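Single chain ahead, written as structure tokens, the form predicted alone.
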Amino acid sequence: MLIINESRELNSFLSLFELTGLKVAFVPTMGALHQGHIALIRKANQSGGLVVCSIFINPTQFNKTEDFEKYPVQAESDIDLLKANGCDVVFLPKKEEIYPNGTDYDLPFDPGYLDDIMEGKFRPGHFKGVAQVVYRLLELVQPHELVMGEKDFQQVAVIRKMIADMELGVELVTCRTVREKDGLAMSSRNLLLKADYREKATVIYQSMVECRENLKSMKASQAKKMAIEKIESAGLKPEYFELVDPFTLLSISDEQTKGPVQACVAAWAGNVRLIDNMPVRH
């Protein structure tokens, strides 16, 4: 497995690999890797070509400086995990490689209403930062496939729109959310949970499972209200629990009694913010 720090070295290597005619599959991460990330690496390996994984903690997608500073860093164990699971190239760029002209540039992309709902509403500017860094990484890696996890459901929707709007010519491949045995979605932020909140956090998954059952006999607004109450009763502070169309991400009404529905939730477990989602009606 190659470890590359500079974009110039990455470009030279990828130029040589291009001669093989094989695909390049790319997995962007911020490190603190877990089995959810490894599922992405395995998915990328299905292309039969080169698997590139980046580790870069992107400052522009954090709303608070303290959140950026406390994001878990474990580069050595991340590299070992990638090496053991079929990654071919790890790209470990410094900030100057990603943002050579500084971070205050405007990408000619508008997420539209996706920037105003759920994550966009509670984390203003977040998706601008996500789009910036993903665009820049795609520019450097030039992959055939971009592999992302469905846990960040709204983020995937934003990047899908960016790829289409900017005609980037890369295929977006998604991978299902990987969960712990008790249902908690695997996340790098789980490392920051105190023991009591780690136990309480399972209510996020439980609330969605219960909502799936409730939707069979209840209106959407009732099922949503019960889910929020369940999360609150466990000691977490829900920021939102939304029932949305999985394609548009717009909230469904009580009158929409048929068709697919995705539950999307964000809640604070102490001082750690967790997000999750799952289909609750097909």
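This one's a predicted model, so the numbers in the text were calculated from it and none came from an experiment. One rule holds for the numbers: they count along the sequence shown, beginning at 1.
There is another form of the same protein, the form predicted together with adenosine monophosphate (AMP); it is not shown, and what comes next is about it.
The closest heavy atom approach of Gly149 to adenosine monophosphate (AMP) in the model of the complex falls within 4.5 Å.
Looking at Leu40, you'd find a heavy atom of it within 4.5 angstroms of adenosine monophosphate (AMP) in the model of the complex. Adenosine monophosphate (AMP) in the model of the complex comes within 4.5 Å of a heavy atom belonging to Val178. Among residues of the shown chain, His34 is one whose heavy atoms approach adenosine monophosphate (AMP) to within 4.5 Å in the model of the complex. The candidate stretches are 193-201, 90-98, 207-215, 150-158, and the one lying within 4.5 Å of adenosine monophosphate (AMP) in the model of the complex by heavy atoms is 150-158. Contact with adenosine monophosphate (AMP) in the model of the complex, defined as a heavy atom within 4.5 Å, holds for exactly one of Val170, Met166, Leu81, Met186, namely Met186. For the options Tyr71, Tyr135, Phe122, Phe109, the residue carrying a heavy atom within 4.5 angstroms of adenosine monophosphate (AMP) in the model of the complex is Tyr71.
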